[in-house]
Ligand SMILES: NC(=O)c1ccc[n+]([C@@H]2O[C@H](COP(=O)([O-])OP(=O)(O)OC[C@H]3O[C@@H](n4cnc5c(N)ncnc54)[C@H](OP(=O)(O)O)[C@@H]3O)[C@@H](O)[C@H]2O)c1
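Read the single chain below, which is given as structure tokens and is the form predicted alone.
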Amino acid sequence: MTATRRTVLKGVLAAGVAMPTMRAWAQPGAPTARLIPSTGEAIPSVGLGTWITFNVGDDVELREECAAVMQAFFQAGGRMIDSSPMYGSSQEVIGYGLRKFGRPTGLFAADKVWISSGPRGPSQIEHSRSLWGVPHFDLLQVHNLLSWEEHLRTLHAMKAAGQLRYVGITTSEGRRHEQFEVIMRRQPLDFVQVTYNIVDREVENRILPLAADRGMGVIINRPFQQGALLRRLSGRRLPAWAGDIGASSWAQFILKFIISHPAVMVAIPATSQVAHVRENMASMATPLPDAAMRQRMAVYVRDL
């Protein structure tokens, strides 16, 4: 990220306003996208997570449902699918879907290394790659900072050798945020992945501004608190003014809140239902909330 662009983004964050533009794909009706800070590559701001939802083992019917979700995701212009060795059979199920419908040229394959032994990291990564059936991963992340020093050395070496495009770290627990910040300040990362939604907002204070300052893309996990947030809001009526930002459901209301933050690159909600993935992808349509609307949204949900 250039000094000028970094200065502008820091000012935007400090002022609490949404970035004015999100680049749109050329095709009519395709989703809008954010630019990856380290390269300028455009990527749609809603991806597909696979934690729990794709861990279906050998159940043929459930595998078909997951494959259908992937097909709908790609048809809606999606690119980033995120998984991990920690997610049971999710990687294998992704591979099944990619074989069934063909691997799209725009796939952005994001996975993780999650093993306590640093020397065993490369073999785990290769196993993950074989389960996906892709020639290489676009992004590899150290999952929950497990053995992060050794694994980051591996990932940086892979990137230098042209075997990997992007390097990142992840956390889904606030107790790791202090260490997370230290690593962000010391390591040349392309991406960081954290938990953020309309009620879990701790990362707004330090991690999101730091990511902007360091030129790191931010991936958001657990946007719906594993569904708990949507269950809490179920039966509650959307405010009439939700239509002002094009939100017709609570899922879209929450996702629009997340992806409108100027430091956020992409949110990765997980689902096993085609209707839900289409609903999630539709949340990228403009208009998106500005800073004042984001505050109004947060207060409304807080007071329910």
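One rule holds for the numbers: they count along the sequence shown, beginning at 1. Computed from a predicted structure; not experimentally measured.
Beyond the structure shown, there is the form predicted in complex with the named molecule, which is absent from this document and is the topic of what follows.
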item	value
Single option in 191, 224, 73, 132 placed near the named molecule in the model of the complex, where near means a heavy atom within 4.5 Å	224
Option touching the named molecule, based on a heavy atom within 4.5 Å in the model of the complex, out of 265, 66, 245, 251	251
Close approach of residue 79 to the named molecule in the model of the complex, 4.5 Å, heavy atom	no
Residue contact check: residue 170 to the named molecule in the model of the complex, 4.5 Å heavy atom	yes
Contact label in the model of the complex: residue 96 to the named molecule, heavy atom within 4.5 Å	no
4.5 Å heavy atom contact, residue 44 to the named molecule in the model of the complex	no
Stretch in contact in the model of the complex with the named molecule, which is absent here, among 139-147, 116-124, 206-214, 182-190 (heavy atoms within 4.5 Å)	139-147
32, 256 and 289 all contacting the named molecule in the model of the complex, non-hydrogen atom within 4.5 Å	no
Those residues of 243-276 which, in the model of the complex, come within 4.5 Å of the named molecule by heavy atom	251, 268, 269, 270, 271, 272, 273, 276
